[in-house]
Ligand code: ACO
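First, one chain by itself in structure tokens, the form predicted on its own.
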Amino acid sequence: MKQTDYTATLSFSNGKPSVEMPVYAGSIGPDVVDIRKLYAQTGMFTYDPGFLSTASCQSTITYIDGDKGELLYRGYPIEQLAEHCDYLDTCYLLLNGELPNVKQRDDFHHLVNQHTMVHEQMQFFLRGFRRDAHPMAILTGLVGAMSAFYHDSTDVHNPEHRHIAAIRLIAKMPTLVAMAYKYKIGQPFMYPRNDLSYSGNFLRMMFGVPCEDYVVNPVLERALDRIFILHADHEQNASTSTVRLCASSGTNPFAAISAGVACLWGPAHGGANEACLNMLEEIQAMGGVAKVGEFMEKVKDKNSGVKLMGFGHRVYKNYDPRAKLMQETCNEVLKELGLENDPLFKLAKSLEKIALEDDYFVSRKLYPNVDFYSGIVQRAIGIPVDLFTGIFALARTVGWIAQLNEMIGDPEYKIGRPRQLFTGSAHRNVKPIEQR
């Protein structure tokens, strides 16, 4: 930890002596009060449900300013990365701290491309699942099972093992997601093609078939690559914190990433874009665009139980910077595919218009978020709704790995052990059963 910048004094109204605590200033963002010795000095814990006011680590990877609507990867604005870099460039940045030069870029792309295939026996493991299983259930199992197939990269404390595991996970996640999709629809698996781009290869594995050539559409390829970039990392969210907590026990990288996949599955986290599309389809079933106003009135009524999915964000109190970029991509994809007049997309545009103009939503800063637009783009590309979170997991894998590496390399890291405010029964004795 860096040198103390200043101190804070904690005083008590019950006569206990006050306590001096160090305060550290970040390069940007809020300062933090160091409470590590609070229990030793006072016999007290802090109470922070959801850890909304607690910094669990120090990090140099991703910074979010929710009030400004700013997202930085290693200091670079997400807008610039989405415009000038591809996903593997972004992976290199997150893993290594700097953008690659020409040789580093070529070497990294080549390295990832050489590890896109998965062990053949994973096909048999996959076939043990029911065909109607949710893709995230399959993906959680497949990622965790990688530790059973790649024994030479399971020591989380070995930097070389972590590096090998990182390349394998980044390279093989598209293959695993595509395999889960093909298995569900009963089509043969498509082996990866190393002469294609990362996103182009994924599109081919998803939508290609062995009986004919698949030509990658560059507009869809770029759109998918942008989705990957925008979802690559997002600071200490629930799934990232899960990966860090899991890895803090010393478990292998594949198991830690599998835990992140499982956490991401939740509808309040990675499942939000899936929930958003489900909401749109429900409105469509009610009557489509004609029913949007009625639906939004229900959203305003707290007693209705109707929730607006794909709008607002836990961190961003301004427009989600990723949403602006995804909106551009959304319009490009719909135009390319001739879907501007598709009923569901017209419905989405109508919903967006109300949310951006209605004082109720504007005053509460319930702007469309990245989930709203990315769900629409993925549906247009042909990705089924229940695979949206799998795409998110694919993209976020590099962020999880970068965060795991940072934690393991931090000399101050310890196994995670949150404390509690206990409000249950105090000590009591067990009575004989006839006296209960």
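Quantities reported herein were computed from a predicted structural model and do not represent experimental measurements. Residues carry their position along the shown sequence, with the first being 1.
From this point on, the text means the form predicted in complex with acetyl coenzyme *A, which you will not see here.
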* Asked: Do Lys103 and acetyl coenzyme *A come within 4.5 Å of each other in the model of the complex, heavy atoms counted?
  -> no
* Does Leu344 reach acetyl coenzyme *A in the model of the complex if we count a contact as any heavy atom within 4.5 Å? -> no
* Contact label in the model of the complex: Arg244 to acetyl coenzyme *A, heavy atom within 4.5 Å -> no
* Evaluate Lys172 for contact with acetyl coenzyme *A in the model of the complex, applying a 4.5 angstroms cut-off between non-hydrogen atoms, and reply yes or no. => no
* Looking at acetyl coenzyme *A in the model of the complex, do all three of Arg193, Val219 and Asp225 come within 4.5 Å of it through at least one heavy atom? -> no
* Asked: Which of Gly200, Pro321, Pro135, Gly310 has a heavy atom within 4.5 Å of acetyl coenzyme *A in the model of the complex?
  -> Gly310
* Could you tell me which one of Ala255, Val299, Leu337, Ala238 places a heavy atom within 4.5 Å of acetyl coenzyme *A in the model of the complex? => Val299
* Structure fact -> Note: acetyl coenzyme *A not shown here; in the model of the complex, the stretch from 139-147, 185-193, 262-270, 88-96 having heavy atoms within 4.5 Å of it is 262-270
* Looking at acetyl coenzyme *A in the model of the complex, which residues in 367-398 have at least one heavy atom within 4.5 Å of it? -> Asn369, Val370, Asp371, Phe392
